[in-house]
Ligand SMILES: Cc1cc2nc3c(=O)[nH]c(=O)nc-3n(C[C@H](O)[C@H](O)[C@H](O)COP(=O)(O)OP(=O)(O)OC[C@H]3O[C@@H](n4cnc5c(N)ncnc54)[C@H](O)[C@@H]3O)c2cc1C
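Below, in C-alpha cells: the form predicted on its own, a single chain.
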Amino acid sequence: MNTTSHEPTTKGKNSYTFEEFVEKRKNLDWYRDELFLQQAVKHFTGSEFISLHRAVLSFSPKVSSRWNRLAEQNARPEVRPYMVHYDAFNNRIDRIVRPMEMQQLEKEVFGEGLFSNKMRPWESFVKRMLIHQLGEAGVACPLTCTIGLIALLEEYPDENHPELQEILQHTKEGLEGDYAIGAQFMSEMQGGSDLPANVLEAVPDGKNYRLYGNKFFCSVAHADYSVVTAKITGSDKVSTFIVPSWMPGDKESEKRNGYQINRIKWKMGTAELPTGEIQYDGALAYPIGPVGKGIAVAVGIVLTLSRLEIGIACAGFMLRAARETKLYSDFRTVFGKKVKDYPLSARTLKRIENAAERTTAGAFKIYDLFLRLDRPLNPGIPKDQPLELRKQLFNLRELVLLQKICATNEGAEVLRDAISIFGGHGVMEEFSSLPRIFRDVVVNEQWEGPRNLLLTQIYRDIQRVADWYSPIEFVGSVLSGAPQEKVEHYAERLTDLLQKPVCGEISEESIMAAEEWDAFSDSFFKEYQQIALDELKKSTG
C-alpha cells in the first residue's frame, strides 16, 4: 500500500506573536533599567549612594527574574493556601498547606536579612520597594508584619522574659540561617479596627498569660510569632502580647501553642496570603509594653510601620505598572499606529508615570523623615519631647496616615488605567501581573484601617494638638518648599474645615463637610508628593 507523507499545514494567515514584548519584559532589570528609582536613591542617600547602588544592582536581578517567576507560579488558583486540620492519627495540627514555590520564595527573601543590624536602613528600604513590585502579598505582608514585631521588641526590652530576646534574635538576625516570621492579630468579629472593643481575655499565669477567645482576621496565619491584643482579666483596657505559634520543640510535631485555626478566609485579593480565624484556648503569651496601653502601643508602633510599608508597596506597584505599560504601548500596534501614539493613550501613560514618580518621591521623603527623627515610633501623640521635635513627630504621624489612604486609593486608579492600556489582554492573569496587583491594592486600602477611619483620626489629631501646633503652622511645615500662595490656600482651607461638623451628627451640612475633608486630604497629600518630586528632579537635573 502506498503512503504519502504530508508536512503539517498552518491554517489561516495569522502569524502575529507577542514574543518581542515578552522577551523584553523578561529581560528587564527592575533597578538597573529604572533610572527614576536610581535618581531617587541618589537624592536621598547622599554619601551612601555608591555602595548602596552597587548592593542593589547586585540584588535586583534576583527579584526581577527568579523571584518574579516564583511569584507568578504562586498566583495560580489551584495552589492557594488551604488547611489540613488533622494528621493521620487524629491529632489536631492545623497545617497550612502552601506551594513549594511560595516556601522557597519566602525562605530566600527572609534569608536576605532585611532587618538585620548588618543591613543599612536605606538599603533595606530600596530592596523592599523592589520586592513589593513582585505583587506577591504572600511574602510582602509577612515582611511588613515582621518589621512591626521587631520594632515592638526593640522598644520594650524585658529582662524578666528572656524568651522575648530570643524571639528578637530569631526574627532580626536569624538562628542558624533560619529567619522567623512575624504576624499581628488584633481584629475581632465585633470590632474590626475598633481595638477597644476587643474581648479576647488574657488570664495571668505567673509572669506570663494564657489567652482565651477568638481573633477573626489574622493574616500571616503561618507565622512563627504574633503580636496579639487582649484584655487582662478584670480590666477594660487592652494590653499587648507576643505569642509563639509553637513552643520549643513542638513545630516539628505540629503541636500548636494552645490555639486552633478554624479556617482560611477567601479574599478578593492577597489570595496567596493565608488569613485565618483563630480560636485561643490557653495559648501561652508574653506581655510586652505598658499594661493597659495596648492600643497606643499597637497603633503607634506596629500599625504605623505597617501603614508606612503599604505606602512603599504602592510606589513599587505603580513603578511596575508604569514600566510595563510603557513597554507594551511601544510594542502593540492597533489600527495602524502604536498604542503610545494615540493622544488618549499618551495621556493615560503620562498620568500613570506621574503618579508612580510622585508616589515614589513621597515615599522616599517620608522615610527620610522617619530615619532623621530620634525615636520616631510613639504610642500616641508625643507630649514630653521638645516642641520642635514634637511637631516633626506629629508631621510624620499624619503623613504616614495620609500616604496610606491616598497611595492605596490612587494605586487602584493607576492599576486600572494600566490594565486598560493592555486592552483585553490586561485582564488575562497569565498575560500580566497587573490584575493580581490591582486586587491586592484594593485589599491594601482596608488593611490597618480603612479610609474613613483614618480620615477621622487625622481630623481629630489636628484638632487635639491645635493648642501647641496650629493648623497654619502644620500646613506650612508639611508643605515647606511650596509656593507661598499654595501654602496659604491649604492653611485657609484646613482652618475652615476644622470649624465644620466633619465628625458631627448626620446632616446635609456634615455630609458635605465630610466630602470636603476627604477631597482636601487627598489634594493636600498630593501637593506634598509633588514637592518631593520637584525637589528630587531639581537635585538630579
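None of the values given here were measured: they were computed from a predicted structure. When you see a residue number, it is the position in the sequence shown, counting from 1.
Below, we turn to the form predicted in complex with this ligand, even though it does not appear here.
*Asks:* Might residue 279 be said to contact this ligand in the model of the complex, defining contact as any heavy atom within 4.5 Å?
*Replies:* Contact with this ligand, no.
*Asks:* Please check if residue 218 has a heavy atom lying within 4.5 Å of any heavy atom of this ligand in the model of the complex.
*Replies:* Yes, residue 218 sits close enough to this ligand in the model of the complex that at least one of its heavy atoms falls within 4.5 Å.
*Asks:* Please check if residue 192 has a heavy atom lying within 4.5 Å of any heavy atom of this ligand in the model of the complex.
*Replies:* Result yes; residue 192 sits at the interface with this ligand in the model of the complex.
*Asks:* Closest heavy atom of residue 446 to this ligand in the model of the complex, within 4.5 Å or not?
*Replies:* Residue 446: contacts this ligand in the model of the complex.
*Asks:* Tell me, please, which stretch of 236-244, 68-76, 262-270, 330-338 lies within 4.5 angstroms of this ligand in the model of the complex when heavy atoms are compared?
*Replies:* Every other range fails; the passing one is 262-270.
*Asks:* Please tell me which of 125, 225, 185, 115 lies within 4.5 Å of this ligand in the model of the complex, judged by heavy atoms.
*Replies:* Selected residue: 185.
*Asks:* Work out which of 380, 204, 423, 450 lies within 4.5 Å of this ligand in the model of the complex, going by heavy atoms.
*Replies:* Selected residue: 450.
*Asks:* Go through 274-306 residue by residue and record those having a heavy atom within 4.5 Å of this ligand in the model of the complex; state none if no residue qualifies.
*Replies:* Going through 274-306 in order - heavy atoms within 4.5 Å of this ligand in the model of the complex - there is one hit, 275.
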